[in-house]
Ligand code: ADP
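Read the single chain below, which is given as C-alpha cells and is the form predicted alone.
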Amino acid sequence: MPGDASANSEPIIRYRGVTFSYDRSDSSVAPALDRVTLDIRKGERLGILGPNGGGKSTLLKLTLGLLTGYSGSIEIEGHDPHAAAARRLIGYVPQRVEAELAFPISARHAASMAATLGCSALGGVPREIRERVERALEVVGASSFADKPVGRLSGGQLQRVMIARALASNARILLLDEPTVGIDPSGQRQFAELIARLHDELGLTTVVVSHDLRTVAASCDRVACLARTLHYHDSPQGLTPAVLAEVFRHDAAAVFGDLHVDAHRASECGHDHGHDHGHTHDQSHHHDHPGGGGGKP
C-alpha cells in the first residue's frame, strides 16, 4: 500500500531542534515551540494533533516561511522555507478563506488563482494552466459546481476548491489547517475519502493540522502530538489516553469524554500499516516525561 511505501522513503520535510518564541526579549516566557525534531516522509499522510495554543499554527507558519527568527533548522526538499515557497512546493489550504468569499468570482476562478500568478493580464492564461486547473477540479470532485460563485458554496465544496487550487499549482506537499472545522459528519467522511484518493492517485504528501483527534485518525497514517514540544510521533493506533491527557492537559474540555474511544478509533478505520519508525526519529515515540527530547512541560 502507499502508506507502507512511505515508511522507506526519504524525508520531504525535516525539522531539527526547532525553537521559536514570539517574545525573544523575555527569557522567562516559554517559547511557542521548544526543540521540535520531526521527519515528514514523502508520500505519507501525517496528522499534527494538539490543543489550541499548542504551537500547531506556529509550526505551520514557520514551514510556509511566514515567520522567521527560529533556532534549529527546517528543510523542505533540501530548501529553507522561503526558497520552498518561491518554488511552490507546498500547497496550503487555510482554515478560513473569507477574502475569496467576499469576491464575486466562480469556484473555477478561485481554483486558478495560485496557478495563474505571474501570468500577463494581456496575454491571458496559457492553455496548459487552464487544463491543469480543470484536471485539479475534476480530481477533487468539484467540476459540477465549478461555475458556482464561491460565496454560495458549502463548507465541503469550498474545501475541495481550495485543495484544487493547491493541486493546480503543482504542489508536491498539501498542508491543511483545521480542514474539518464547520463541516458536518458526512462532509468529514468525504474529506477522509478524498485525502486517501489524492494520496493513492497522485502520491501527494499530506499534512493535516488539527485539534480534532477523529479527523487525524480517519485521514492519516501517522500522527505527531504537539503541545509546544513533540510528545508523540507514530501511528494513531498507538496513542493512549495518558498521552492525550498530557497533550491536552490545558485544553481538556475540547476532548474530554472522547479520549479513550478516539484513541483506538484508528484500528477501526484500517490505518494500521505496521510502520516501524522507532529508528528514524531523534525523539522517542512514547516519552516517559512531558515534552520528550529534553523539552520542558
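For every residue, the number given is its place in the sequence shown, counted from 1. Computed from a predicted structure; not experimentally measured.
Here the subject shifts to the form predicted in complex with ligand ADP, a form of this protein not shown in this document.
K.L.:
Report whether the minimum heavy atom distance between Ala32 and ligand ADP in the predicted complex is within 4.5 Å.
P.N.:
Residue-level check for Ala32: yes, a contact with ligand ADP.
K.L.:
Wondering, does Gly54 line up within 4.5 Å of ligand ADP in the predicted complex on heavy atoms?
P.N.:
Looking in the predicted complex, residue contacts with ligand ADP include Gly54, since a heavy atom lies within 4.5 Å.
K.L.:
Can you tell me if Thr58 lies within 4.5 angstroms of ligand ADP in the predicted complex, counting non-hydrogen atoms only?
P.N.:
Residue-level check for Thr58: yes, a contact with ligand ADP.
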